[in-house]
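Before any questions on binding or motion, here is one chain by itself as structure tokens, the form predicted alone.
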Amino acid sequence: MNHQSRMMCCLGSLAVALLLKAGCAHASLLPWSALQGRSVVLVTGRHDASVPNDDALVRAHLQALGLRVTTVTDAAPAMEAAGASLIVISSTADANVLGDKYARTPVPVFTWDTHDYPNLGLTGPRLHHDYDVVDPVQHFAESFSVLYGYGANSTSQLSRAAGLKPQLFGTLYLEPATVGWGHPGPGGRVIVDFNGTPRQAGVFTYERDATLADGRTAPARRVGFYLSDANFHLLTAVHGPAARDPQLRDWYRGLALFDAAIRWALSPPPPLPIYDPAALQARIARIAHGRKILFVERINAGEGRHADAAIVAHLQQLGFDVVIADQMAPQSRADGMNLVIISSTCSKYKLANKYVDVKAPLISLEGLLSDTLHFAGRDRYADYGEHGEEKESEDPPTRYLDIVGAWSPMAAGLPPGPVQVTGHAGVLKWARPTADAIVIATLPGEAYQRAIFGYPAGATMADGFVAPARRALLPLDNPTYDDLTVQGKALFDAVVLWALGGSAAAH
């Protein structure tokens, strides 16, 4: 998205921005009452009477929700969707006819046309690897396994609106059925996965301005859903006395998930943050007074000692009361603190398992602590690692990160794409968080090596650990802070503000 488009989006979201200034945590989902009469364009294929499909049922359901639905064929020009509030693409539409006509539309898109995912940039182009359609003829056994999905994300607005929990639930009623899955790009969020792997996402989303699989950015919200031609009527739902049983209610979530995804797509996205390092520091300074930060470091460390001192001085200049603790100090030093920051000078073997369950928000500057802090799995070089570490990394030093979550305030208003975060090429760390994480930046050329990300409070982290407060990774090697560019320091400040739940930390 170019600068002019970003500015137009910001102006278009002025009302939501004003809510932020008033202290609103984020742009909320609109109630159904506010969505009545919204215009939806349903894109379908040419219907063959001998081949069943549920397009008419979908249309009737959307109308029952209070939406105005217009049906167009896959051959219709994209301009026929102009002015719509939402474009819904059925799998009966032919992906070869559709092409990429809806890829750049600034209208939200909700689709279960799996073969069209690559055209929209939602996944890569490789069938069976980036996306797939599982059907009872070709994949009989697997067509039963996808009758069960896993709630991979419990903290997103969509998941909460659907009542989705991090556990198995029934996607469709019990008969073999065709479903689709996709492996979203670096800016996508997996809501539901199949077979316990986020690579097989049954439901996934992109926020406006999130980086798609093809490197472009989403011009509006995007949703991929697991349906196929004729199984909308098989979406699970619970009614009557069964709805009072919490176990049954949490199992039959298919239709509620569909409705929540429609509602999420129709709701306004959060306002795009503006890159203004001075204003960012001013916002932090307004909330810093009286707040305590515990800075955990290796006291008297060699490399990195000066950088630790510079970080502490910066936080103090912003107005925080900073308490320094050695890595060997007990976790009780965090009692009464508003934020804990762990320096990259800390040794995993000296820090041990401290601060994992601390009730205060926590930022780790050391990516190699990702396993002990439950930020990622336990396999070094697969679940976490580094670029540029001599004798320990095959990847060269770098000074860049790729911004993939530009929509989040943690991105400090930086545009999508590469950003120089340090003056010189050096060591930068990465990890592979769970689907509950909000991903901001990745390492160059490695879309799934996440360098900056945050877990909201209540998020399911690695090993099933539930975050007691916000958690974030901001991977700076021992001396890196001294070499941060203006953009790098803005990212540091933005993550601190988000961790503290400041008024500009929308997500």
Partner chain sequence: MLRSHLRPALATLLLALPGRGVGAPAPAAAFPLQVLRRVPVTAPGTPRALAFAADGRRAYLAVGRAIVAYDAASAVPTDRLVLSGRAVDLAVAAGGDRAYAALRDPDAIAVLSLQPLRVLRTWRLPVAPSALLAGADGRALYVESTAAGRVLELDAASGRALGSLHLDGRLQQMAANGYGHLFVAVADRDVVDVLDTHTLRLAGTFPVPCTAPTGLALDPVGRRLFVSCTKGAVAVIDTDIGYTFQQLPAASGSTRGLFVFHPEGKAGWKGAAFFAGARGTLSAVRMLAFIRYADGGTLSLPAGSEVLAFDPARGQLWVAQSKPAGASAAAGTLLIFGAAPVTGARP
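Numbering follows the first chain given and starts at 1. The structure presented is a predicted model; accordingly, all values stated were derived computationally and were not measured.
The form predicted together with the partner chain exists for this protein as well; it is not shown, and the discussion that follows is about that form.
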Notebook entry, point to check: Among 252-260, 281-289, 431-439, 374-382, which stretch sits within 4.5 Å of the partner chain in the predicted bound form, heavy atoms only?
Noted result: 252-260
Next item on the list: Answer yes or no: in the predicted bound form, does the partner chain come within 4.5 Å of a heavy atom in every one of Leu65, Glu175 and Pro241?
Entry: yes
Item checked: Single option in Ala75, Ala309, Ala237, Ala329 placed near the partner chain in the predicted bound form, where near means a heavy atom within 4.5 Å -> Ala237
Notebook entry, point to check: Just one of Val133, Leu414, Ala230, Leu368 has a heavy atom within 4.5 angstroms of the partner chain in the predicted bound form, so which one?
Noted result: Ala230
Note to self: Taking any heavy atom pair closer than or equal to 4.5 Å as contact, tell me whether Tyr448 reaches the partner chain in the predicted bound form.
What the structure shows: no
Check: Hey, in the predicted bound form, is Pro52 touching the partner chain, heavy atoms inside 4.5 Å?
Finding: yes
Next item on the list: Considering only heavy atoms, tell me if Arg38 and the partner chain come within 4.5 Å of each other in the predicted bound form.
Entry: no
Note to self: in the predicted bound form, does Ala56 come within 4.5 Å of the partner chain, counting heavy atoms only?
What the structure shows: yes
Notebook entry, point to check: Mind listing which residues of 425-460 have a heavy atom within 4.5 Å of the partner chain in the predicted bound form?
Noted result: none
